[in-house]
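Quick setup: one chain, the form predicted alone, written in structure tokens, and binding and motion questions come after.
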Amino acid sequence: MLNEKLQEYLDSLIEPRHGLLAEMEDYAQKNGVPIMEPAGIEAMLQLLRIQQPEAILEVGTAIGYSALRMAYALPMVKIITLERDEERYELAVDYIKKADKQEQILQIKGDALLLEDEVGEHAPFDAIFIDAAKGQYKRFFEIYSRYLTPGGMIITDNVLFKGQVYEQKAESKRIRSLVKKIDEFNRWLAANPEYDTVILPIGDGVAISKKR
């Protein structure tokens, strides 16, 4: 993770969001909905602009914020996004409708661990973004990486988990268990012979894995 002053400086250079996106950020902050941090999402969007994917799979819609950011950045891309939480799914439906992006973003409701057959109907994908249950990252990666095009890219958020992955200071047993799973995922990913992976210490830690 970057030191606080450097992070504040970099964040100050990011253009503020307005309109619907600002509304969504405000809702997320007030209601404890996890959305990607500004520096992390800007890095992801820049990588996607360079790659110019035709189809993206997102594991973890939440309220639709990152899906809309990707849709705005890449108006021609098709996005398939998965969410199991009923309330967040419905909020995402409303926000995506307000943005008039229903044709570009296809929402699928359900547990991503159980949606492979349905998702497979929309494959292949040039990029996959994983931002869901952190304890299941390895399983998400294993299930959906088989639908990635050659040379495709998988982006995984929160892989440094607010620094706890390397500081090992979690107090509760539940968080310690989660931190251990994320650390194991990071090490497995770094050693995966099918991918070139780098972890960027921005936002909450973003892993970029390019298929060889």
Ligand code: SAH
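We number the residues from 1 along the sequence you see. Fair warning: this is a prediction, and the values are worked out from it, not measured in the lab.
One more form of this protein, predicted together with this ligand, exists but is not displayed; see below.
Contact with this ligand in the predicted complex, judged as any non-hydrogen atom within 4.5 angstroms, is confined among 148 to 156, 179 to 187, 48 to 56, 65 to 73 to 65 to 73. Think of it this way: in the predicted complex, this ligand has a heavy atom of just one of Ala92, Ile79, Ile128, Ala132 within 4.5 Å, and the residue is Ala132. When contacts are judged by a 4.5 Å heavy atom cut-off, Leu160 does not count as touching this ligand in the predicted complex.
For the chain shown alone, Ala112 is a contact residue for this ligand in the predicted complex, at least one non-hydrogen atom being within 4.5 angstroms. Lys101 falls outside the set of residues with a heavy atom inside 4.5 Å of this ligand in the predicted complex.
At the 4.5 Å threshold, heavy atoms of Asp85 reach this ligand in the predicted complex. For the stretch 21 to 40, the set of residues having any non-hydrogen atom within 4.5 angstroms of this ligand in the predicted complex comprises Pro34, Ile35, Met36, in sequence order.
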